[in-house]
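One chain follows as structure tokens, the form predicted alone.
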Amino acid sequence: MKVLEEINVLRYYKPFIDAAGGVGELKKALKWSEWYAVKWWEEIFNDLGLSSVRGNIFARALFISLRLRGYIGENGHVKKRPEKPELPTNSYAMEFVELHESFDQLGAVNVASNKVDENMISVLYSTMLSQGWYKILRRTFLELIGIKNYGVILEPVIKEGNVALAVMELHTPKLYVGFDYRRDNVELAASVLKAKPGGCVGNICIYHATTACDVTNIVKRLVPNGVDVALLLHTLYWLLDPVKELSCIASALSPSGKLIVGQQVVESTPGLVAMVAAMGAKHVFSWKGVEKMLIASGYELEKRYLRYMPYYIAIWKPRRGS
């Protein structure tokens, strides 16, 4: 990690670092993510070869992130192996390691060959969203970007409603609109938030929609002046057509509206990035790739907090009149 990035992590994510038991405990946990990533890649490469990268996003995420770190070469062969790390003692840091252990039991080759039951991976994803370390990561993000300053919030791909619930614990927005392309997620989020699928209950509205473009007109009817913020926490890689959907989201923002992005990228923790890719993500991004995509979608950067550790965080706004 570059010195400036490390300084910014300590500056912006101190509550998360403290909860994880301090820098030492956090580094132990992160080393396990690298150790497992190398283990998984070596198993996949030995069994399936380099062609696995073309056919599976889990394998592709491992290949890109480990190449960046110098663990593997362009031909896929492992150049160096990290030593097996010491286990952390902090409960949140240990939760993070145990998530990797649970995923490892599925078998990396099975995951890369699409032989693992989708329900088993979905259970792991739900487990991750509810773990203590992830809750603190999420809360720290919301406090960092000042979620209390936004009255009307749009959340594309609301998933199981965990982000919305965390927002409600900090702040009561005037209106919170979420959508998801999966009907089961819409049902889960509605249940968690005591809302109604396909409509509004109080200040919460949840809809089923294949893409952000399919829900834009609904948002405009609900909020003719536009939403204050579109909140995308670990969401970009779920979007089916990111550039098109981001452009549609821009049209739903108010004249002063913001797009706030928190996104795991290939420069972040490699094991975690690969796991989430296997959990249904459609894409993997570098932090520079995220920014190029946002520029192509008609946005300009207002403030970047972090490039990649623990993940990319920035505030963007539409380029008006472009």
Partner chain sequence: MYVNKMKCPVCGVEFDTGRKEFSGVVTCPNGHTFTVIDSNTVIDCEIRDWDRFAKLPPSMQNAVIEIIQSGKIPEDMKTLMRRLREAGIVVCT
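Since this is a predicted model, take the numbers as computed values, not measurements. Residue numbers count along the first chain shown, from 1.
Quick note: we don't show the form predicted together with its partner chain, though the next part is all about it.
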property: Glu155 within 4.5 Å of its partner chain in the predicted bound form, heavy atoms; result: no
property: In the predicted bound form, Val201 touching its partner chain (heavy atom, 4.5 Å); result: no
property: Its partner chain contact at Arg182 in the predicted bound form, heavy atom, 4.5 Å; result: yes
property: Non-hydrogen atom contact Gln131 with its partner chain in the predicted bound form at 4.5 angstroms; result: yes
property: The single option of Thr89, Asn217, Gln105, Asn149 touching its partner chain in the predicted bound form, heavy atom within 4.5 Å; result: Gln105
property: In the predicted bound form, the residue from Val192, Leu222, Cys213, Ile136 that sits within 4.5 Å of its partner chain by heavy atoms; result: Val192
property: Non-hydrogen atom within 4.5 Å of its partner chain in the predicted bound form for each of Glu25, Ser33 and Leu68; result: no
property: Listed range touching its partner chain, judged in the predicted bound form by heavy atoms within 4.5 Å, from 192-200, 73-81, 139-147, 226-234; result: 192-200
property: Sequence-ordered residues of 112-147 touching its partner chain in the predicted bound form, heavy atom within 4.5 Å; result: Asp117, Asn119, Met120, Ser122, Val123, Leu124, Ser126, Thr127, Ser130, Gln131, Lys135
